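Shown below, as structure tokens, is a lone chain in the form predicted alone; questions about how it binds or moves come after it.
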């Protein structure tokens, strides 16, 4: 199976701090790939490289067979239609309704008003939030904002979606809803997906076909969830154990 997204020996530093230290991996077409690691380790930096918001210091990034490493903004516009990034904050426009936010990526297209309205309604139904269409972002919970952001990403009819910490700071019920949406997007639409998260039990375990653990700029593990739980690597074992402790504490207070 060909890779839809591929990093080849990618390096990235900010000042004297190395974030990515020769990272290589591939995401197959139609799979969901989760990047694990604690906050601040560089997971989001990897996502922003995929859509060309950041450029590597060294190495190559391939998206759908195209080397995007040196692409200019005009060429990257096509990549960004193909690959949508859902930010942790949702990044909705406060002055627009839910429906208007979802329609936003379609405003610069040749689509007519009726077709835009049809597509917006279709995407809102797909993520099961049609009843929110007329609300403003200020009226939504954090989880609902993320659902709207997913609908907006889908409006562009991409081939891939990147999710930045999709279940962080939401209640367990909304976390389940978002996880089901991510799986639904894969199974129903055949999307390629990348998820960055620090949460194994509440996210990666529910959505990922493959997971990779980022530590000090390198992947110390890359495989299936089953293989992660069986890993003898000290960093992987510690990360899994800490996640289990956190999950058990959350269950106590749920």
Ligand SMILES: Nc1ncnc2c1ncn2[C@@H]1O[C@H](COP(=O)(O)OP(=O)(O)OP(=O)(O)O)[C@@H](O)[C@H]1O
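Residue numbers count along the first chain shown, from 1. Nothing here was measured: the structure is a model prediction, and the numbers come from that model.
There is also a form predicted in complex with this ligand; it is not shown, and the following applies to it.
Participant: Establish, in the predicted bound form, whether 38, 41 and 165 all lie within 4.5 Å of this ligand, using non-hydrogen atoms for the distance.
Facilitator: So, yes: the whole triplet contacts this ligand.
Participant: Taking 4.5 Å between heavy atoms as the contact cutoff, choose which of 220, 45, 225, 201 touches this ligand in the predicted bound form.
Facilitator: It is 45.
Participant: In the predicted bound form, does residue 236 come within 4.5 Å of this ligand, counting heavy atoms only?
Facilitator: Residue 236 lies outside the contact set for this ligand.
Participant: Would residue 19 sit within 4.5 Å of this ligand in the predicted bound form, counting heavy atoms only?
Facilitator: Close contact exists here: in the predicted bound form, residue 19 approaches this ligand to within 4.5 Å, heavy atoms only.
Participant: Using a 4.5 Å cut-off on any heavy atom, which residues of 113 to 136 would contact this ligand in the predicted bound form?
Facilitator: Result: empty, none.
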